[in-house]
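What follows are structure tokens for two forms of the same protein chain, given separately as structure 1 and structure 2.
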Structure 1
Amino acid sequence: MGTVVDAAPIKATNESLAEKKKPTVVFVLGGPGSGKGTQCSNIIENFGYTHLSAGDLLRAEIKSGSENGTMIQNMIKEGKIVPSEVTIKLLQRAMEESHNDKFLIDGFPRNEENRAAFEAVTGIEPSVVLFFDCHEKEMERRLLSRNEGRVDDNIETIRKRFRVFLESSIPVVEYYESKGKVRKIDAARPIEEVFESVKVVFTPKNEKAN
């Protein structure tokens, strides 16, 4: 009987998530108030994806009281940015622990450094980047209508969030656009109309034809 022992070098045990699970990853990007959360809920319900929010995972880690959580909390308190690797490890762990192999990653990567680190650490490129494109006036209107009675406090904060999104996240969208991975959705329309466009992205080609 032949042997395959020497056919390839033995791999390190820390096999990447991409090799172990081969997950389908969709990045969901859009400015504050673009309706990402609502549409993520619709996608989960209709297409069986697991929703992962970087912010939620960081908050859960802090709440757990772990050593890692304390470190994250201290960094946030000091106004420091949590390193990409920390957030990515939390995302990676959540994917590994899930029984699913299809993931919506919401609000991440926030910038080019996040993007490069995610691909380097996990070995995964997104299959699609869903970009909810919504003009600033509409996003502002939506956010202010949520903030009952606190309009004056928040208008400046909201505009600052828009600026950060444009400066940090648009380069990520442009990078994936150059690779043909971006599906731009006009998110200024009513929720139902937006979801009709989203469905086209997630419906297999053979089903669209029928």
Structure 2
Amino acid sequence: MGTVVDAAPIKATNESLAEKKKPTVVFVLGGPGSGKGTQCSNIIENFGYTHLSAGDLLRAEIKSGSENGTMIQNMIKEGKIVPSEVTIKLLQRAMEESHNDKFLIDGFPRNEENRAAFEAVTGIEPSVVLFFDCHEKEMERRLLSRNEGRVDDNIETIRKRFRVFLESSIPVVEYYESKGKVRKIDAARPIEEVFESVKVVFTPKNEKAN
């Protein structure tokens, strides 16, 4: 007697063959205190995105007692940028756990290493890069009155964060500008006015109010 084989035809499901659809990613960049987190909260209420703040994920990692906690805490206190490997793992995990396919990634990529590593690891390019443009005097005022107990909201660390922003993060904005992806928002205005400009970016052209 011949071997009994399962005669069911091998069916290729859409999921197994077709490449899994890549999520839509909007990077939200801007100096420390420019209002990234504040505007992301407004955006998610209106446009169905999940908000992932790289800084919040790193702070949660410190609290979780992770083996990387002390290193992350020291880097944040010094206003330095945590190695991409650590931050990207946290972002990937949060994306998987969210079950959404539209993400606002806030405060990332912060430098060229972040940008290139994220693209290489995930294969994802942002559809748009929101850039909140605000002068230092106003950002400093906001950070010093934020009052959330952050270890980096003191004048010494704030100055270091401003320097890292200019030296490492602005080149990332310029990279995406050269690709036509940046939507620059004047973030020095009151919150509601800034959000009026943000809404335009997320509203399809044919859905704008008449």
Ligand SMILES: Nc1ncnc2c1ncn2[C@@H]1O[C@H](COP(=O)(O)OP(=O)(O)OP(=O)(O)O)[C@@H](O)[C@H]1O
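Only the largest set of C-alpha atoms that superpose within 1.5 Å between the two forms is called the rigid core. Quick note, the numbers are simply positions in structure 1, starting from 1. What you see is a predicted model, and the numbers here were worked out from it, not measured in a lab.
For the form predicted together with the ligand, the corresponding chain is the one labelled structure 2. With the core superposed, I72 shows a C-alpha displacement of at least 2 Å between structure 1 and structure 2.
Annotation for V82: C-alpha shift of 2 angstroms or more between structure 1 and structure 2, rigid core superposed.
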